[in-house]
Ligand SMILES: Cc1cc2nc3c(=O)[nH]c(=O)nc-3n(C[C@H](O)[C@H](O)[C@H](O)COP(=O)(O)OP(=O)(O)OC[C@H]3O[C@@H](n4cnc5c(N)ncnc54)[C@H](O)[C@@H]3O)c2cc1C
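Single chain ahead, written as structure tokens, the form predicted on its own.
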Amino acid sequence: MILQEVLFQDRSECCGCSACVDICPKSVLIMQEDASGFLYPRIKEHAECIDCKRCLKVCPEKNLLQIDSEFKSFYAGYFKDNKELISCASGGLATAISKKFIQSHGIVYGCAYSDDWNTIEYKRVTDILDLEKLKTSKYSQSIKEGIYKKVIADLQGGSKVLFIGLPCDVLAVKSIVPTKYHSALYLLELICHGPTSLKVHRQFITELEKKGRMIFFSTRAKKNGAWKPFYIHAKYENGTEHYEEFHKSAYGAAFRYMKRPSCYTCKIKGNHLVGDLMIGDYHYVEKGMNGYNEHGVSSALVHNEKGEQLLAELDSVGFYIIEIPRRNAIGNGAITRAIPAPAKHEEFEKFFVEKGLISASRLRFVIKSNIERSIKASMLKFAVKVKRFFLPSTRPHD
């Protein structure tokens, strides 16, 4: 019989992928929220456990030593059509790959908001029009129970499957899908800074809905088409709209101060990645560089031949793509290391649990941090301009 402490002893030892729940042949495990809103597996029926240890075999946190990956090549690109590009979080690469995959009769799995906007969950997509639901980043953790079984069923039925998710979720899929189906399974990892909780998301939605019934919500909207900074955008049934800069919002405060505990020590980075392709924002690119677009640019880091296949012939769906230098592609530190916990993150979480998201976001150190971030960003931007004026060699280059 598996004991609860064997699954995990500390909250930082579980990434919340839910693979253990899906793989259990006796359904003795369930996912439960803790006080902060993060999901963890719990044993509901000890007597039914047959001690098969399948839950331990598919756990991403317990299977890292078997992995030794590397990046082979690097690309960047964006949708040529500005309207389509602006509707995406960065350059739209995940959407472009998904379009081409569905056109070749494949099935795509990715995150979407529930119809009432209160939950983030995985969706199975077979129609290009439904890819709209997968657009924009989701900064809270998603619900994944049952999705692994659907992936396996599609693969058993002879379909190709593209799974898009955070590195821990991708590792969970790779671990739970039988090896004989891996050739038809394509795994797309997202560059990850760590998500906050669904409880944060629900409370933020509740606040927005005080203004009316929502018909659209996004945490990665491009106000006036600008890639950065990105905005929270809500549309209401009465025709009104809400815009709020993400990093200055209560949602942004939680994303900064209250990640899932396992994210602060995440080891599923660098050479412990198992996807075929990793994608994210191409933050290194600047005006004047090859591949720049003011409306957003995606980067792609390829692990293997299947990753190259996902990037092949994207021009057929209207996507422009170029090869870029390695140093540019790996400039985002979240690719190779966990983002450490910020000072006072425990205080923020405690206040969130006791008083709620809005009160926590108004803590003095949070407000101070927002001001300091704005000042630092302005000073850095000015300093870079001065440096490049006097030292032309430091200007952007490909």
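Heads up: residue numbers just count along the shown sequence, starting at 1. Just so you know, these numbers come straight off a predicted model, no measurement behind them.
Note that the form predicted in complex with the named molecule isn't included here; everything after this is about it.
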In the predicted complex, the residue from R220, K99, K174, H247 that sits within 4.5 Å of the named molecule by heavy atoms:
R220
Quick check on this chain: which one of V302, C88, V151, I205 has a heavy atom within 4.5 Å of the named molecule in the predicted complex?
C88
So which of 139-147, 153-161, 178-186, 303-311 is the stretch with heavy atoms within 4.5 Å of the named molecule in the predicted complex?
139-147
Can I324 be called a contact residue for the named molecule in the predicted complex at 4.5 Å between heavy atoms?
no
Taking the named molecule as it sits in the predicted complex, is I191 near enough to touch it, meaning that at least one heavy atom pair lies within 4.5 angstroms?
yes
Contact between Y257 and the named molecule in the predicted complex at 4.5 Å, heavy atoms?
no
Using the partner position in the predicted complex, report whether S197 sits within 4.5 Å of the named molecule, counting heavy atoms only.
no
Stretch 331-353 - residues with a heavy atom within 4.5 Å of the named molecule in the predicted complex:
N332, A334
